[in-house]
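To begin, one chain is listed below as structure tokens, in the form predicted alone.
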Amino acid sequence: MPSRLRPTPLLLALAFLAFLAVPAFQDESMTSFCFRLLELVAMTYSLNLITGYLGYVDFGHIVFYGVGAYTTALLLSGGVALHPALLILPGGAAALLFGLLAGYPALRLRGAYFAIATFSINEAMKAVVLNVDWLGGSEGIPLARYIRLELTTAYYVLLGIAAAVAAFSYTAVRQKFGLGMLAIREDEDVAEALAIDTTRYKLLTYALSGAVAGLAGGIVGLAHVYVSTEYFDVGKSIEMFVIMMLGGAGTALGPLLGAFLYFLIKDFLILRSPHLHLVIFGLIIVFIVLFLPAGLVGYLRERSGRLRALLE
């Protein structure tokens, strides 16, 4: 099927065009709702690169979100003379550098050992932030006196980040770099035997996924005019895993579909069962693991040969 006829990029484009039109309704509550949804979309796509495409389970992925948010906040509070929205770029660069430094030793591990290592890295960074005074400690860094960034501006920046990583997710697996990631996911030892530089592929993927999360953390911190150790909350990493599993790990549509469904279900459960929503959500997760291990996209692909060719 010619690439121009593939529906996946068309569906992605339509979805992000719909997001683009949201601020035009001038409904702040709707814009805020979609802003939180886009945050999940961007973060899940970034995790999908390392876990869905590379096959490395990263329980500490949220550390990049925190590094980006704190870097941006420190630059802003330090009086750096740049437009606030541009300050997320150093935040993304700091997250990328952190990914290179932390990933070099961590990516020598595999399986559960890597998952535990990434969780430990995140907890270590959280402890550092809590105990270093100039990082705000337990009080965090309030930014209200330094910034007046409109929600609409932050929304469009986050939309750009989410759309860019979604486009990269779709195109990368059709290029040499993406095929290398998939080869490592299927069998790393065979990939090495085929002369694929697995260390370089893993390190670049880990750092790039971290940079996306760092950019997202920076713009969310500016929008909320406050950063704290909550930006290292491992619960957010678990949330991203649920979304990725729901939509379909290692797919281009999965993170977008999973984030949309997860957000709607979560909002509905919180409104209807504020004291039981976590229990109900836990049961939903068990259902996904048992009956939809490949996620919704994977399930639809398995059910129909035509859908297998259409959904990516």
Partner chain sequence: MPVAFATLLQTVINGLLVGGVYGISALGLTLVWGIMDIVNIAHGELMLLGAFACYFLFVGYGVTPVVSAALVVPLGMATGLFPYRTVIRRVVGRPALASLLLTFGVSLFLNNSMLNLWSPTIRSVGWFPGSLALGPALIPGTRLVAFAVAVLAAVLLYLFLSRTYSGRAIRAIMQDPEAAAAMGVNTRAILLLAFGLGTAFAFLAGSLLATVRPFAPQFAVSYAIIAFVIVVAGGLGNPMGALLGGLLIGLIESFTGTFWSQAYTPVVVSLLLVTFLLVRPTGLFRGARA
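All figures in this text were calculated on a predicted structure; none of them were measured in a lab. Take the two forms, find the largest set of C-alpha atoms that superpose within 1.5 Å, and that set is the rigid core. Numbering follows the first chain given and starts at 1.
The discussion below concerns the form predicted together with the partner chain, not included here.
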{"property": "Interface stretch in the predicted complex with the partner chain - options 75-83, 193-201, 141-149, 116-124, non-hydrogen atom within 4.5 Å", "result": "116-124"}
{"property": "Proximity to the partner chain in the predicted complex, single hit among Leu264, Met30, Ile270, Val286 (heavy atom within 4.5 Å)", "result": "Val286"}
{"property": "Selected contact from Ala93, Ile238, Leu100, Ala164, since only one has a non-hydrogen atom within 4.5 angstroms of the partner chain in the predicted complex", "result": "Ile238"}
{"property": "Proximity of Arg174 to the partner chain in the predicted complex, heavy atoms at 4.5 Å", "result": "no"}
{"property": "Interface membership of Phe281, the partner chain in the predicted complex, 4.5 Å heavy atom rule", "result": "yes"}
{"property": "Contact label in the predicted complex: Cys34 to the partner chain, heavy atom within 4.5 Å", "result": "no"}
{"property": "Exercise: Leu159 in contact with the partner chain in the predicted complex, heavy atom 4.5 Å", "result": "no"}
{"property": "Within 124-156, the residues that have a heavy atom no more than 4.5 Å from the partner chain in the predicted complex", "result": "Ala124, Ala127, Val128, Asn131, Val132"}
{"property": "Threshold 2 Å Cα movement between the shown form and the other one at Ala18, rigid core reference", "result": "no"}
{"property": "Core-aligned C-alpha movement of Leu296 between the shown form and the other one reaching 2 Å", "result": "no"}
